[in-house]
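In the form predicted on its own, a lone chain appears below as C-alpha cells.
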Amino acid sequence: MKRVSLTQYLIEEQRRHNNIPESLRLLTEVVGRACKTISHAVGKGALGEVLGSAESENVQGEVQKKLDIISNEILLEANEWGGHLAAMASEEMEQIHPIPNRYPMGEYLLLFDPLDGSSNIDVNVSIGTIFSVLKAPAGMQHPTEADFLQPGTQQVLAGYALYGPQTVLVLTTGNGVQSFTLDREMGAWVMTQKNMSIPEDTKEFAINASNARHWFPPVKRYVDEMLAGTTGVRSKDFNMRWIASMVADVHRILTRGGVFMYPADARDPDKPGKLRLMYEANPMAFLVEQAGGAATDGKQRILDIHPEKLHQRVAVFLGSKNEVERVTSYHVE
C-alpha cells in the first residue's frame, strides 16, 4: 500500500465528499497529536511514574488512575487554543469545558473518553482513547450541556486510538472506516488499513461472564445458545474473548469480526447499562455501522437514541450484523 498520511487522507476525503472542511481537518490532526502524546506517556509506564491510582474519583464514581487525569489534561490543553471548538466534554469531568474567552470559538463540539480500559493500565494490557465530534448548533453563543445532547446520527467524525504493541488511530468521517498506525520514527500517522469491514457472521463473542448470574433472560438465552456449541441450536462452536477495554475489544471486532456485549443487568434494574452513550457507545456505534456491522441497546439502534444527559449510560450490543440482530430480537420478543 502506498504510504498515505492522516493529513493526506483527510484532504483527499474533502475533495471526494466535501465533508471535511479545513477546520474539521485541523481539529482531527490536533486530536491525533494529543493521542501521540498520550501514547508516549502510556509507553513510559513506571519509568514515567504514571502508573497507579490518583486517589480520587471521577464524576462516574470510578477511582481515577494517574494516567486518566494526565490523558484528560493532554486532550484539553491540545484542543483549547486552535479555534476549531466551541466546547469539550469528557467522561472524567462533570461539566462541559467551554473554550476560554481568550481563544476564538469554533463550530464543533468534542467529546472524549481520555483513557478507556483504565483497569488494564497497571498490568500493561491495551487501552485507548475514544472521541466523537458534533457540529455546534447554529447561532449558539454560549455552549451549554444541552448543545451536546444530539443523537449519534449527528456525529461528523468519530474514532479511537489504541495503545497496544502498535499505536493505531481508527476513524470514520461517514465514508467507511480507516486505520492508521503511528510510525514512531517519523512521528506520523500512516494509513495501514482501508475500508475496514466486519463480517456479518462470526464465531466470537465478548462479554464479562462473571456477571452471568445477573443477566436478564434474553442475554442468558443468547449466551447459553453460543456456549452449547455444535450440540446446540446454533450448531457451531464459539470462542469468548474479553479484554475489559472497549477500545481493544472493538478493534478486534473491526479487524476480524465478533460481537461485543455490555448489557444492563438485575443488580440495578433501573440502570440502563454501564457504558456511556456520548463518549463510548455513540462513537463506537458509528464506526461499527460504517464497517458494515450493527449496534443496538438491545431494543433500538444506538445512533437513534436522543440523549437526555451528558453522562447517560446505555446497554451495548455491537459487531457482526447477524449476531447483533439475533440478540436484539430476543430482547424485543
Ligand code: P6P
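Residue numbers here begin at 1 and follow the sequence given. All values reported here derive from a predicted model rather than from experimental measurement.
The protein also exists as the form predicted in complex with 6-O-phosphono-alpha-D-fructofuranose; that form is not presented, and the subsequent description refers to it.
So, in the predicted bound form, is K65 in contact with 6-O-phosphono-alpha-D-fructofuranose at a 4.5 angstroms heavy atom limit? No, K65 is distant from the partner.
Using heavy atoms and a 4.5 Å limit, would one call Q178 a contact residue for 6-O-phosphono-alpha-D-fructofuranose in the predicted bound form? Q178: no, not in contact with 6-O-phosphono-alpha-D-fructofuranose in the predicted bound form.
Given that the partner is absent here, does E280 sit within 4.5 Å of 6-O-phosphono-alpha-D-fructofuranose in the predicted bound form, heavy atoms only? Yes - in the predicted bound form, heavy atoms of E280 and 6-O-phosphono-alpha-D-fructofuranose come within 4.5 Å of each other.
At 4.5 Å between heavy atoms, is W189 in contact with 6-O-phosphono-alpha-D-fructofuranose in the predicted bound form? Contact check for W189: no, nothing within 4.5 Å of 6-O-phosphono-alpha-D-fructofuranose in the predicted bound form.
Assess the spot marked by N79, W81 and Y108: is 6-O-phosphono-alpha-D-fructofuranose within 4.5 Å of a heavy atom from every one of these residues in the predicted bound form? Checked in the predicted bound form: no contact with 6-O-phosphono-alpha-D-fructofuranose for any of the three.
Give me the residue from I121, L134, V168, M246 that has a heavy atom within 4.5 Å of 6-O-phosphono-alpha-D-fructofuranose in the predicted bound form. Contact residue from the list: M246.
Let me know the one among Y262, F205, F148, Y222 whose heavy atoms come within 4.5 Å of 6-O-phosphono-alpha-D-fructofuranose in the predicted bound form, would you? Result of the distance check: Y262.
Can you tell me which of 28 to 36, 304 to 312, 44 to 52, 270 to 278 lies within 4.5 Å of 6-O-phosphono-alpha-D-fructofuranose in the predicted bound form, counting heavy atoms only? Only one stretch qualifies here: 270 to 278.
Counting only non-hydrogen atoms and a 4.5 Å cut-off, give the residues of 301 to 333 close to 6-O-phosphono-alpha-D-fructofuranose in the predicted bound form. The stretch does not touch the partner at all.
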